[in-house]
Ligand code: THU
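Shown next as structure tokens: one chain only, the form predicted on its own.
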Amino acid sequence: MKHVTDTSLKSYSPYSNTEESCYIQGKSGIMYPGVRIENISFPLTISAVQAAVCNCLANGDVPSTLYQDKPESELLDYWLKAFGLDHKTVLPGRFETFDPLVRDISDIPEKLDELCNNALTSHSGFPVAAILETENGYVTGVNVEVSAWSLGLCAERVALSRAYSSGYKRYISMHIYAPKSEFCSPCGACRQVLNELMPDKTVELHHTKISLSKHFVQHLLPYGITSGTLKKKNK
């Protein structure tokens, strides 16, 4: 038995220098990791619990137990009550950890279309799928909506938080598809998060199964927030 603090789960926390991680155990028994992912636009920071819960839900699993000791995630009470989670600070002796990596995807448009069936869109009815290409392989994401609208995550942020929480941190491109959209394009919040984690990479927007456009992330967020006075802390 060991406490939840796990040196292998590394946050992206250049502004607070706070390492925050957790595991959510699904009803399947699988453990889903989550880490804190900060953003220069502070309200867009993804807490470890938010990342782990969305990781679990996007896999079609149901969150049952949170494993986290100090520091606790923001809005922890919401997550505990919303899903009726047990909260434990000590990990079980053995467990299976979810690995989101897919080594190869032969047909990206077909896979995006298939993924949209897994989106949780109880509020919007608007499914979105994302495939993040990393140097190790592919990580998928779908939009996950929860009872508190502002705490759900878009497909792009689910894919990024899944990848980062599992240690995949070198990105090549992202593919995005929204079958009900006339023109597929990431929302402003996702553009800000993409710009933080992969600013010089590309995004391919699949407007239909046979039509797409390719953009640099930086071009999707002209005049994005920057500040020399908002210093990153040295670790």
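Bear in mind that the values here come from a model prediction, so they are computed numbers and not experimental data. The first residue of the shown sequence is 1; numbering continues from there.
Keep in mind the form predicted in complex with the ligand is missing from the figure; the text below concerns it.
A.B. asks: Just one of I30, V62, I40, C187 has a heavy atom within 4.5 Å of the ligand in the predicted complex. Which one?
C.D. replies: Contact check passes for C187.
A.B. asks: Can all three of E133, L160 and Y168 be found with a heavy atom no more than 4.5 Å from the ligand in the predicted complex?
C.D. replies: Result no, not one residue of the spot touches the ligand.
A.B. asks: Tell me, please, which stretch of 88-96, 147-155, 104-112, 75-83 lies within 4.5 angstroms of the ligand in the predicted complex when heavy atoms are compared?
C.D. replies: It is the stretch 147-155.
A.B. asks: Whether N118 contacts the ligand in the predicted complex should be assessed with a 4.5 Å heavy atom distance threshold; does it?
C.D. replies: Heavy-atom contact with the ligand at 4.5 Å: absent for N118.
A.B. asks: Does T140 make contact with the ligand in the predicted complex, using a 4.5 Å heavy atom cut-off?
C.D. replies: It does not: once the ligand is placed as it appears in the predicted complex, T140 has no heavy atom within 4.5 Å of it.
A.B. asks: Go through 116-134 residue by residue and record those having a heavy atom within 4.5 Å of the ligand in the predicted complex; state none if no residue qualifies.
C.D. replies: Sequence-ordered list: S124, F126, V128.
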